[in-house]
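For this one, two forms of the same chain are given in structure tokens, first as structure 1 and then as structure 2.
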Structure 1
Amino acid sequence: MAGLLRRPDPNRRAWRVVLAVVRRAVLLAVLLAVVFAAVELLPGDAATATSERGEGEAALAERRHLLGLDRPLFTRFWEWMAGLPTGDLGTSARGVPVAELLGGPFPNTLLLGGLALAVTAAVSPALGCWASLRPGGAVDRTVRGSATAVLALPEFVVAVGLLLVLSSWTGWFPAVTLTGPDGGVADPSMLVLPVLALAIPQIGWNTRIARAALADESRAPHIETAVLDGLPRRRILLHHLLPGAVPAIAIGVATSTGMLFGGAVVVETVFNYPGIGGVLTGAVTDRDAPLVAGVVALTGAVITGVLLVADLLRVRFTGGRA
């Protein structure tokens, strides 16, 4: 693929890679600081949230001390941030390490989100290409119309629709996810509906981006030359248009990661999937802010990773330029 492109100065490219990594790391650190501040500065803390009815001030103060809430804000912030790289996500309102609570569910959510991301990344460019083969034709209009229709649907609405059609009425896929002895999903067929519910809105979103990126690219002069040379449409699409559209498509899919994680929380609730969705619903009842902050830290790290991959793809496909 790179053979098609002009090779830029390798030093410049390496510098751009380093710059991209540092930039993403700094942005993640800022997000974590904002999250910590939001949890600390808003009214209510973990000690009062988990208190029993009629519990005295003394008992509250003691639990504050146990949870370390009586120490200066900056000290606690520093300890939390310093602990993150070592995998220490702090302590939940009930006194259990957050990392322990998330150790089982988080990989399950990662699997669900990862599969949905893979489906999105495979289907959206394919649909975009298919629509691009005959601009303005029936396929193009159908693909663009349905992409626009589904991109705004909340995941739980898609999930409930799939549940009714593909589970209750046809019985093709199981309606709930059962957990195997290892804490994972008991059967692969149980992943189909949650993955579809997550991926369908994102496919709508990214198909539009892919279609638009291909349309922009088709205005480039070298494409006009290829068309005038009489190359077959398919060849022009795959060898000339698509490589130029890859950075835009990659950024689009990468920004879907956040939506996928947010949607996963909701979809897991519908299908009773053993991921962070269940942990978070419990956290809502317990008002367990440290637990939610831990989930935000982990998802933020994953999203940073995916965005970094998109950055690196851009460096690879545009070299040292732009």
Structure 2
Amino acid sequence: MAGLLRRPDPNRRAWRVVLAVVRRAVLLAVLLAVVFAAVELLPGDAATATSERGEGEAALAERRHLLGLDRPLFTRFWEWMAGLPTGDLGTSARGVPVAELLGGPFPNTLLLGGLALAVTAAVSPALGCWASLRPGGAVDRTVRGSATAVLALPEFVVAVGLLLVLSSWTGWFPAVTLTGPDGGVADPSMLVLPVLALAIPQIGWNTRIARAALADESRAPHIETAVLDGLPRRRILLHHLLPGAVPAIAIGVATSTGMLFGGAVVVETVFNYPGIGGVLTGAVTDRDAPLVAGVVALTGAVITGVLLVADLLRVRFTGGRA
């Protein structure tokens, strides 16, 4: 019995964290290799895509040599990966450092995705808790039905609907995003519609997760004991149900990070938002492997960091149990 009550070994817990970091770093490296290979498989190459009209074969051959396209793909990928630890993301097909090209748009996308994630993390558990106060009641059915409906909506459909209702019909928020002198968003009100367009589908998804996690937790013996003891519903929810559901809710919100960044490419286009969506579209058009990989590396690092935080929360609340 004493062994069962033994506290988790801190060294073992730290080792698990290190292993999780290494595992996610390896996955990111594999993803970057796939990105390099995928760009290589596209029709044409960076030399052709960025050439001037009427440029001859000799000039194209020289451009391919300058861009290193006449070298094996693995060699180019390895050289690009070697620069990552120093922050060197390589040079684009148009001769501009990738870090310079992403220096302005990426913080804007990070702001957009971060705000959408914060809204999702705040609203979804609140709706899940509200629905859980009276399981099977009108509020519960309404919340679950609405969540299922909105999670099925693509971001561009939500964006168009928000534009019609909150901009064209009411004039409450601007339809497009203007850029300030520093390259950022000119006015905070221009963030509202892009953030909502990204967050609403994820709120639907995470509300379903929160509701399901709370329902699972409600079947635990200590919850049934609390109900039999006559404790108030809100106290049972906040002090007994919610702490047990936090790991599942945190993992759900963390996995939304990738979908938020993926959806940001579309939403930025709809609202003319100055993020990496336009940069990525141009990079694919130019068959620019270093620039595409640079976008994936930065977004992948952010997603990896959020997933790692979610893992730590899960370990913190479950004591390392699966």
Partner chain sequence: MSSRIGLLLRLAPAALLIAAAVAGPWLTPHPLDAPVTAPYGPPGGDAPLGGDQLGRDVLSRLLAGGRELIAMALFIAVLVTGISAVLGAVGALRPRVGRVVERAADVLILLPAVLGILLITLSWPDGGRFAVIGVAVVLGVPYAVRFVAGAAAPVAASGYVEAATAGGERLGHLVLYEVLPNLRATVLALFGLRFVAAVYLVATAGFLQVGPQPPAADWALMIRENTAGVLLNPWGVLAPGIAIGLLAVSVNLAAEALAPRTGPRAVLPL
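Structure 1's sequence is the ruler for residue numbers, which start at 1. Note that the structure is predicted; figures quoted are calculated from it, not measured. Superpose the two forms; the largest set of C-alphas matching within 1.5 Å is the rigid core.
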Q) Just checking, which of these two is the form predicted together with its partner chain? A) 1
Q. Is Phe77 among the residues whose Cα moves by 2 Å or more between structure 1 and structure 2 after superposition of the rigid core?
A. yes
Q: Please say whether, between structure 1 and structure 2, the C-alpha of Val296 moves by 2 Å or more once the core is aligned.
A: no
Q) Using the core for the fit, does the CA position of Ala20 change by 2 Å or more between structure 1 and structure 2? A) yes
